[in-house]
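Read the single chain below, which is given as structure tokens and is the form predicted on its own.
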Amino acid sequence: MPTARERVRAEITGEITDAARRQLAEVGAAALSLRAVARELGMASSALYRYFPSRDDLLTRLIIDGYDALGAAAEAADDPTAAPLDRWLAVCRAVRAWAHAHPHEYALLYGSPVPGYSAPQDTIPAAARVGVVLGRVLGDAARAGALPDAAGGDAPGLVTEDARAVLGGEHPALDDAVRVRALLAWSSVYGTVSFELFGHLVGSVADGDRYFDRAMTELARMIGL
């Protein structure tokens, strides 16, 4: 059980990150300021620095929290008893719904890089959570015999060992050619969401819901689902 001091620290940390997310909505990530966050909370800057020594530390926390929240939404949407295509669509819809509900946090994760900031390795596990869910759908489909036979792996060396583990693991139906298509589909989910969220589909798409479902279905077909 957390100590009283740990509970207080967690509560204040939550207040700081909530204020920082409001700053994201108001001024954007590039203008995020520890001093501004401290002013909003009525804290001395020196007190806030005990929780986040720099702006980059606060950004990293916001990024990890964002990835974790998005990953949790994807995980909650996945029903392992459903058909592979239905699972894929449910997860993709959850990503889109989270992005629409949290546009500024999504922009922090997948928008323009923040000048002067370089994300540390600590962000990678959280960033991979959605990919792990989509990879699980792919791997389960392979093990259930729901994928076409592998074409012989005509793209060797393009996918890292780490990515192979995420994208379904090892199975005769999963060669590097399939994994390349899966990685393309995974990145295209974010590309489609970003185009919509940042206004790039205005004037091109008449029905965003129908377009998204059709695009995600085409991606699933490309993989073999």
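None of the values given here were measured: they were computed from a predicted structure. Note that residue numbering begins at 1 and tracks the sequence as displayed.
The form predicted in complex with the DNA is left out here; the points below concern that form.
Taken together, the three residues P113, S118 and Q121 all stay farther than 4.5 Å from the DNA in the model of the complex, as judged by their closest heavy atom.
Exactly one listed residue, out of G42, P172, G157, G199, brings a non-hydrogen atom to within 4.5 Å of the DNA in the model of the complex: G42. Checked against the DNA in the model of the complex, the residues I63, L34, A177, V193 give one hit for a heavy atom within 4.5 Å, which is L34. At least one heavy atom of R55 is located within 4.5 Å of the DNA in the model of the complex. Interface residue remark: I12 is counted as part of the site for the DNA in the model of the complex, having a heavy atom within 4.5 Å. A residue is said to contact a partner when one of its heavy atoms sits within 4.5 Å of a partner heavy atom; Y51 meets this definition for the DNA in the model of the complex. Interface membership of A47, defined by any non-hydrogen atom within 4.5 Å of the DNA in the model of the complex, is confirmed. The candidate stretches are 34 to 42, 162 to 170, 63 to 71, 185 to 193, and the one lying within 4.5 Å of the DNA in the model of the complex by heavy atoms is 34 to 42.
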